[in-house]
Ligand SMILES: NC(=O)c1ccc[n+]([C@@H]2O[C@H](COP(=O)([O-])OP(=O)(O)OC[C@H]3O[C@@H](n4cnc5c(N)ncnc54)[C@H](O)[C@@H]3O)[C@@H](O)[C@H]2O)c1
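To begin, one chain is listed below as structure tokens, in the form predicted on its own.
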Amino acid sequence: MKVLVTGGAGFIGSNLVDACLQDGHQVFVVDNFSTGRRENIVADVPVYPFNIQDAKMDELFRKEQFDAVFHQAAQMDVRRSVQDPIFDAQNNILGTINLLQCCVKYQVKKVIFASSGGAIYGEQESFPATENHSQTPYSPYGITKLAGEKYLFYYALTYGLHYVALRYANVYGPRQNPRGEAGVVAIFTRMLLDGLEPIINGNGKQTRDFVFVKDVVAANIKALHYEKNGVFNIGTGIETSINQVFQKLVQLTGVDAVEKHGPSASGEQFRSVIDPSLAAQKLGWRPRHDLTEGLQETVDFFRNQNNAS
């Protein structure tokens, strides 16, 4: 199958590219390298270095005639979305519409969309949240991801474009950017290994559903072969506080560090955990890595980076 991975040089996207290659697919990447890194991509994978809003997307789709698209590209920093909602919407709404227009025009069979279970539900009323939970995002980022799902429904209804939207929990693992504002596991790991002291936002009792990147990639591969349209939570159903993550990382890195707390961040929920049982039922997907195992692999990745530099 000929597939396009938008954001394929990024954290999740590059891991997905590797999995698609292993499955024998012909893979192409679009990435503007705002956060993605070229060294994440296998050398012989064609890479188109432009934004998904770009008019060049039309020519790419015309030339390559893709069978399926994994849409991972996004402005995914919740805090930046609060500071600059116009930039967020340009990337996550207008970019997605441009992509979907190309899919319809050139008869792409399926789109697998990276949505957000962490941001769409807002402050949850029930725990863990199912896909039917009320959707009241607390940030522009969450709003744009929900809008992406609604556009997918529209394009399916109007043009027959098949889709699966995967509502990711808080994804972590190797290749996550440790220098950005998002991705607490990568940020804390990098700082601890560098001898720096991370600052925990607020009291650190806020909880998240941490899901390992390899499990998220496996969900995308399952979604590619799912014959219907659907929206699925991709998480573990387990709440873990930021303080707990910090303590686990201190233990795994072997660094002597104490908790330090700063101000709370605007636009962030206090509790977030999603129910993945529908994905188990319909996609045959379940997370395979527990938190300690995933954190250990993440720490090893960043430690190896240190040793190689």
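One rule holds for the numbers: they count along the sequence shown, beginning at 1. Only a predicted model underlies this, so the values are computations on that prediction, with no experimental measurement involved.
Separately, the form predicted in complex with this ligand exists; it is not shown, and the next lines address it.
For the candidate set Phe188, Tyr121, Tyr141, Phe232, a heavy atom within 4.5 Å of this ligand in the model of the complex is found for exactly one residue, namely Tyr141. When this ligand is considered in the model of the complex, only one residue from Asn51, Thr240, Gln26, Thr253 comes within 4.5 Å through any heavy atom, namely Asn51. If you check this ligand in the model of the complex, you find no heavy atom from any of Phe127, Asn201 and Gln269 within 4.5 Å.
Checking 98-106, 190-198, 111-119, 78-86 against this ligand in the model of the complex, the stretch whose residues place heavy atoms within 4.5 Å of it is 111-119. Residue contact check for Ile12: one or more of its heavy atoms lie within 4.5 Å of this ligand in the model of the complex. Under a 4.5 angstroms non-hydrogen atom cutoff, this ligand in the model of the complex has Val171 among its neighbouring residues.
Contact between Gln244 and this ligand in the model of the complex is not found at the 4.5 Å heavy atom cutoff. Contact check for Asn32: a non-hydrogen atom falls within 4.5 Å of this ligand in the model of the complex.
Contacts between 198-235 and this ligand, taken as any heavy atom within 4.5 Å in the model of the complex, involve no residue at all.
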